[in-house]
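Below you will find one chain, with nothing else, as structure tokens; this is the form predicted alone, and questions on how it binds or moves follow later.
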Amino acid sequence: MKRRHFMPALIGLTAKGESNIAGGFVYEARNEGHRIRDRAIFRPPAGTRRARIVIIGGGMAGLSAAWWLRKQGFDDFLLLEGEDEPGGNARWGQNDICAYPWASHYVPVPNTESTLVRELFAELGLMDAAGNFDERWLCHSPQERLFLHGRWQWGLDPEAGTTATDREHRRIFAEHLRALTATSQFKLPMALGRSPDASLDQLSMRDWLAREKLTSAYLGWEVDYGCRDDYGGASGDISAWAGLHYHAARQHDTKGPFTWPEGNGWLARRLVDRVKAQLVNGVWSRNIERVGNRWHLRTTGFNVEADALIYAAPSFLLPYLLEGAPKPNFDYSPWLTANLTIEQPMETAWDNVLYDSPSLGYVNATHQMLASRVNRSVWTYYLPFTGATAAQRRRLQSQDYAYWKESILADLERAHPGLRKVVSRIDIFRQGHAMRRPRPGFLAESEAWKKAVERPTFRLANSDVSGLPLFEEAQYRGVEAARACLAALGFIKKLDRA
């Protein structure tokens, strides 16, 4: 299915001037990143700190690297985060109703090969060593619903208006997924799978559907939704290998997913608790230099000297920090996330999706509450910007708060007429480079980037190195980077994969 051009349809909306709706933009720290990009002059660092290992970036990859180092009994490291709060794409917020996510909001029940995730989840009490889940932390029912043809249906597989052809194409697609899963190339984390079929990475997901003659518009929408959900790109923008991984890598006979009011912020909070002695927030890295056999790092707070460096920040920033580092040939999807405060009870599922919307719909942060009646709630709304990323990034940043507030309300009011009357606040988070988009050819691009940059004591950890912006990938990359650095420094003898 060729998606309609939804985003331009919003152009021309004007704010209705609801004076009772408060809010604004949050986390507008991109100017700090732009200052580093533009080689701005900063105040000289105050003093020098020394550590055997320094980790740049306090998102899930950096937190996971730090978590693993502490589990090995190694604590001579620093974890540096530019924002005032760590978490990266697992950051969260809180109001008088509940906590809520600003980005990632769930983790699927970990597959058997996801041993690191299972180890962490057992440590946090989410499951036991035998793999039995504590169902208190699994998503409650009803989990998902879809607004289609003017009404809500339970589940995300379109039902109303489907034909025999639609159902047959869905069945054939499921058969393809079973066959692909059996090849063992689709694993979480992806490095544990067999060598990927490179030919699938040369096609877009939309072209793969066309090649297989799967022309059902409903199936096309489902596949496109999956690409936008995980990667921020339409099916025509995404590698078929990545698009198929979205479906084939997940074990479908399990319950789940794990979710919390604050989304993956629940995990970030607990990782922070384990590494807070080494964590320094509000410090932006400015320059990385190799001097002799040590790494010298200048930050907006102090200098750091270290024997090994784990780079867990987004890869596109590295050339602005490390002289001579090549620019990665990666594409990053812009996103808008908003949290809406709802002032009256409304029936929802956890995940609420609107068919033929540019957005992914919204999740209800109060869904996991056990109260029989919840009078107020917080909805987290997700809007990926598909198409040419540079143009969409400019558009995201150029429109003001009133424009985006009205765009969000206009989208949601198709399913909730009069919604603006019960919304008291809308806060909006704009991310110009939310996550890497795995376009066709991304597998080769990832390998080339790693080979060009990594050294025994300099390791890449961000999930964008994988190309799949998933918790499992961020955790694995962080741990593997930490493992490699300890090996290079002689603290462990070999690099057995987890």
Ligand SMILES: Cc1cc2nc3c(=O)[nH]c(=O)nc-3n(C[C@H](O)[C@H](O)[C@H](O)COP(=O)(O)OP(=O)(O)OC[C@H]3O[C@@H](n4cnc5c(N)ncnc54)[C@H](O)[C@@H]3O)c2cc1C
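Heads up: residue numbers just count along the shown sequence, starting at 1. Note that the structure is a prediction, hence the values are computed from the model and not measured.
There is also a form predicted together with this ligand; it is not shown, and the following applies to it.
Trainee: Exactly one residue in Leu443, Ala51, Val453, Leu470 has a non-hydrogen atom within 4.5 Å of this ligand in the predicted bound form; which is it?
Mentor: Comparing distances to this ligand in the predicted bound form, the residue within 4.5 Å is Leu470.
Trainee: Within 4.5 Å of this ligand in the predicted bound form, heavy atoms considered, which of Pro314, Gly301, Pro158, Pro358?
Mentor: Partner contact (heavy atom, 4.5 Å) among the options: Pro314.
Trainee: Give a yes/no on whether His105 approaches this ligand to within 4.5 Å in the predicted bound form, heavy atoms considered.
Mentor: Taking the distances in the predicted bound form, the answer for His105 is yes, it comes within 4.5 Å of this ligand.
Trainee: Just to confirm, Glu119 within 4.5 Å of this ligand in the predicted bound form by heavy atoms?
Mentor: Answer no; every heavy atom of Glu119 is more than 4.5 Å from this ligand in the predicted bound form.
Trainee: Considering non-hydrogen atoms and a 4.5 Å limit, does this ligand approach Met435 in the predicted bound form?
Mentor: Met435 belongs to the contact set for this ligand.
Trainee: Is there a heavy atom of Thr457 no more than 4.5 Å from a heavy atom of this ligand in the predicted bound form?
Mentor: Outside the cut-off, so no.
Trainee: Look at the candidate spot formed by Trp152, Tyr218 and Asn352 and say whether this ligand comes within 4.5 Å of a heavy atom in all three of them in the predicted bound form.
Mentor: No, none of the three is in contact.
Trainee: In the predicted bound form, which of 120 to 128, 175 to 183, 400 to 408, 282 to 290 comes within 4.5 Å of this ligand (heavy atoms)?
Mentor: The contacting stretch here is 282 to 290.
Trainee: For 333 to 349: residues with a non-hydrogen atom within 4.5 angstroms of this ligand in the predicted bound form?
Mentor: Residues within 4.5 Å: Trp335, Thr337.
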